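Two forms of the same protein chain are encoded below as structure tokens; each is given separately, as structure 1 and structure 2.
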Structure 1
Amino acid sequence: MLSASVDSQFVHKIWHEQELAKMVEGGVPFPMLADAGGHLGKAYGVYDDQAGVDVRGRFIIDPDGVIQAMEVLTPPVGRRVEESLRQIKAYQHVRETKGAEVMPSGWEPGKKVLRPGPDLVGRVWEVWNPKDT
């Protein structure tokens, strides 16, 4: 986990001490990156040059350094951590099965997966129902 904003690492330190450490037991465990100038945000397409800040972009990057998922929100609405975890678990499952198993809409760990192949074409309705999720 890495977080990034245009604030300096010095501001991160004070924010952590003044507020975050009081909300998170043991303190924030991951590095808080300083993106002064928005160089990282620009590279990831999430820097708002009018506001001069990085918007809420979230990227899931796999062990090969490939972006598997991204989500971008405007500032007023926060993210849902559980959804990021669900997506990571889903991508880990896909990776472990080398793509043999894929996750239908609304999948959660332990729920039904699909095995794509010629026999499944047009017959998903027989093996999976939206109510299964």
Structure 2
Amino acid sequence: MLSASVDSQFVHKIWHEQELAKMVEGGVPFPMLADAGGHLGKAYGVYDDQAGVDVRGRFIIDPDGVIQAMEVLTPPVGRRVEESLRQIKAYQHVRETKGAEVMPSGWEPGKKVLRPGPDLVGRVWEVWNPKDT
């Protein structure tokens, strides 16, 4: 897991020490990348040329380099880390089972998964109910 912004490594250091470390025990456990020129933001379509900053974007990229999920939020609305972690765990599970098991809406680790195939078509309601999540 990585984070990136157009801020310098020095701004990241101060932000981490003065803010994040006080909100998250031990601070952020992953590297924060400085993307001073906005190159990463431009590549992923989240760089705002007029403001010179990246809009908040989250991308789940699999080991093959394929974007599996993305979310872009404007500054007034914060992200939910737990949801990002839930989705990462779901994608990891799908990858581990080579697609033999998939996650229904609202799935949480340890909850019921679905086994896709012709027998499931038109019968999802028999094996999964959204109220059960």
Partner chain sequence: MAEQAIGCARPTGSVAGDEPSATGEGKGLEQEVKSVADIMVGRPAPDFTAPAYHKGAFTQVKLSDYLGKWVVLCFYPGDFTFV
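Just so we're clear, the structure is a prediction, and the values are computed from it rather than from any experiment. Along the sequence of structure 1, residues get numbers from 1 upward. Just so we're on the same page, rigid core means the largest C-alpha set that superposes within 1.5 Å between forms.
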{"item": "Identity of the form predicted on its own, given as 1 or 2", "value": "2"}
{"item": "Per-residue Cα shift, residue 13, between structures 1 and 2 [Å; core superposed]", "value": "3.0"}
